[in-house]
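Single chain ahead, written as structure tokens, the form predicted on its own.
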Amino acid sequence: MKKCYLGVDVGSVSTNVVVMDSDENIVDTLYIRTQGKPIQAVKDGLKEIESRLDKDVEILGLGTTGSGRQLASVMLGADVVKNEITAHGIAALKCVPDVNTIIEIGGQDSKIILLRNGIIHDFAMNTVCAAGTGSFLDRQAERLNIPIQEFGSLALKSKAPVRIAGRCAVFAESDMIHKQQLGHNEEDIINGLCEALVRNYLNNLGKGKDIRAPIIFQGGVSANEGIKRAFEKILEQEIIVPKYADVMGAIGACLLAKDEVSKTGKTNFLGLDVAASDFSVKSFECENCPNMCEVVEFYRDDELVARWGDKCGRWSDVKVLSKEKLA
């Protein structure tokens, strides 16, 4: 049997699944859109990965990360549940052991992680302004009627710099329209949008931070060559884009799962066939105190398996079912 580990990163825009063998080689990766349905995305992702794996593959452990990490953990039976900062940091260190700065830009949020001597030293996240995220480029690509996949290559063709206001997504869009009306060509405008996103990122997340090389660029937006070049131009540093830059969170979850299972000698993973189960969510308002917490109940095949959402632990601290009963 081929011993492997599974990493699942559930985000607001994408859900990523990675299979890693016991020698920490990547066996397979999957990047799919969450589309506002994290439960369905996790199920679809697991089914797809199972169909692509050889029959002799045995999953020894599972790690989850991302904004939907707790949900995925309850669904699949995770051995380790970690936030995105930790997962991305672990994965980056695996690729570039002496990495000092991680730039991560996703569809709905972005983050910067500073490491010193292999330890996370500082970080910042941007979840407020869209101008520093991938959704900003998606919006402008739609307005320009250009596939987002072509944005990077078109930006590289730019010959004349066009500065577009990047402090706010709304102002940036207005400024882009103004530049179009002045007659600037498409490539220069697209390059200006890439540089506007980078300036927004550095002004919001990088302000006052010591951004040192080696610098790794991760997340879905790292595939955009125009953004990479804009970072290199403004920072005057080489930017490294790893081979699996779009699924680094899931890779980190794999590495963390392997470490956890090596300590415990067992796994909580419920198996790949758990994707065939039916999952549903219900909620109620607890009236035990003035907090009036909304308690979420999670069901697997009509059986209650977990609760969360309360502040005092009255409901979530009660272990609903054991893994043995679920199996």
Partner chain sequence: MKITFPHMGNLYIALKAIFEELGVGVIPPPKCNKRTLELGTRYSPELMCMPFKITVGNYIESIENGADTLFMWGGCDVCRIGFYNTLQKDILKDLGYDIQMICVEPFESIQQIKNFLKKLKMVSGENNYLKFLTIFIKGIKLLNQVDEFEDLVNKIRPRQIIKGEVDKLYTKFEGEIKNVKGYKETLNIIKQNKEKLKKIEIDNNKDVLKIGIVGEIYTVVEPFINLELIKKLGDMGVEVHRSVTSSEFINEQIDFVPFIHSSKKEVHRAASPYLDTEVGGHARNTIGNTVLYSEKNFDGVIHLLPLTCMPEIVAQSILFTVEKEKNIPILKLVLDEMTGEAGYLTRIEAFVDLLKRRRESIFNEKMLSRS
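Values in this document were obtained by computation on a predicted structure and should not be read as measured data. Residue numbers count along the first chain shown, from 1.
Note that the form predicted together with its partner chain isn't included here; everything after this is about it.
Contact annotation: its partner chain lies within 4.5 Å of heavy atoms from the stretch 84-92 in the predicted complex, the single such stretch among 244-252, 97-105, 189-197, 84-92.
With a 4.5 Å cutoff on heavy atoms, residue 126 counts as touching its partner chain in the predicted complex. Although the partner is absent here, residue 144 lies well away from its partner chain in the predicted complex, with no heavy atom inside 4.5 Å. By the criterion of a heavy atom within 4.5 Å, residue 281 is excluded from the residues contacting its partner chain in the predicted complex. Its partner chain in the predicted complex comes within 4.5 Å of no heavy atom belonging to residue 159. Taking 233, 212, 121, 184 one by one, only a single residue has any non-hydrogen atom within 4.5 Å of its partner chain in the predicted complex, and it is 121. Though its partner chain is absent from this view, in the predicted complex it lies within 4.5 Å of a heavy atom of just one residue from 40, 291, 277, 35, which is 291.
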